[in-house]
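As a starting point, one isolated chain is supplied in structure tokens, in the form predicted alone.
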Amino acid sequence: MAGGEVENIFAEILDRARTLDPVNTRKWFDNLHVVRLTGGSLEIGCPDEACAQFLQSKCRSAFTKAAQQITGHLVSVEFSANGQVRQEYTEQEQKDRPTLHPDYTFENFVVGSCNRLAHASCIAVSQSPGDTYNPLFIYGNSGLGKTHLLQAVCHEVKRKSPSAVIQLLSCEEFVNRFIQAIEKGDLPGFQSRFRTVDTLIIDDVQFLREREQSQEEFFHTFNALYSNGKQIILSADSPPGEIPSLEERLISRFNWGLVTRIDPPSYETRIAIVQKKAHLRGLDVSEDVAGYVARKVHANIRELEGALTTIYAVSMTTGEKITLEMAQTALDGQVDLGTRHIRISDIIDTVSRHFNIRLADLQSQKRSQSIAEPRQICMYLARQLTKHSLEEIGGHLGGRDHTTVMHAYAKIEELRKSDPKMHATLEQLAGQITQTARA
């Protein structure tokens, strides 16, 4: 088969794979190339080992299906990096090799006031493992970027010291492997694997709670690594002292180094995150679209990615350019963008508490500034955070008609753009409402 023909076929395979798997499509797919396409076998060259791992674990099925659909033949797919076909490891070797997402690097992490200290501390740790902030404990709600930072540390440590031994796994996996070691009578092997690494990273360490034997094992693992100057990084959904049923001696050790928090991103940071995620996927997203997604989704970064995936999938399916109108149509079909459980009554309660006014006043005909503006804010947030119609929103606020709600929305939106104080107030209220609805 001629080289030009192979390239054309592979270009079609890439396009089909993107359509089949929009969630995992990345811009660096443009850097993939055909190493070999013969005898029912397709070898795809990747930019680096992390990209090959990503394709192997996330995209192999989509690429295989795409290759078979385009060629009309049974085709097996392999991935290679630096001229080396990605080898198959034993089950134990695979467990001991951290599978890193190629996007989860420091370069691709969006820094804001919500995560600046956590980001800086992870960079410091990656530059000098075991010497700075040991242990490093990062906590915050799910979907705020903790896993990204943990993997970014791994990427940087491996870049600086390719021979470094790193164990990166969830706390649940640590516990399961400990239990399996006991069942198989291989506790010494388990201890050897975890107590001799250069860097140990445990995600979601709160799952140690109420597991006395696992806590005992982790206590000794911690001591062995710490005494040998090895780096320990932990993440959780709450600070050490607030993890239920965690032994006091572990709480004490977790507090030895640096404990830092990640908060939900601000509106500006969410815009930057949307733009960064879009760039990684090779999408052309305008500021209007990024701003719309950032206003639509308040809860966490994972849901921002989900919204972007939906927009991308619609664009790929319809061939339509990504515009604000197209994004609004795509996301209006979503069942849940962090808004499913929000009721208008939740919004009214939060706003009335914030401005210290009575529900009866919000629903009354009073037009004083101290009441009219909070009422308009209720209408604005209800339009942003719920699926209710203009008439339904107005009905909850004293039977106002839809034109009143439209006017209120337009006025508050204009204030949001021109008045930093109003912008901050809306962000604060939206965050409180979203967190309350998800509690």
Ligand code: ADP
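Residue numbers run from 1 along the displayed sequence. Just so we're clear, the structure is a prediction, and the values are computed from it rather than from any experiment.
The discussion below concerns the form predicted together with adenosine-5'-diphosphate, not included here.
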Is it true that 109, 142 and 302, all three, sit within 4.5 Å of adenosine-5'-diphosphate in the model of the complex, judged by heavy atoms? yes
So adenosine-5'-diphosphate isn't shown here. In the model of the complex, which residue out of 352, 310, 147, 99 has a non-hydrogen atom within 4.5 Å of it? 147
Counting non-hydrogen atoms within 4.5 angstroms of adenosine-5'-diphosphate in the model of the complex, say which of 273, 342, 152, 171 makes the cut. 273
Of 109 to 117, 320 to 328, 193 to 201, 212 to 220, which is the one stretch near adenosine-5'-diphosphate in the model of the complex, taking non-hydrogen atoms within 4.5 angstroms as near? 109 to 117
Examine residue 104 and determine whether its closest non-hydrogen atom to adenosine-5'-diphosphate in the model of the complex is within 4.5 angstroms. yes
Do residue 298 and adenosine-5'-diphosphate share at least one heavy atom pair within 4.5 Å in the model of the complex? no
Partner contacts for 37 to 60, taking adenosine-5'-diphosphate in the model of the complex and a 4.5 Å heavy atom cut-off: none
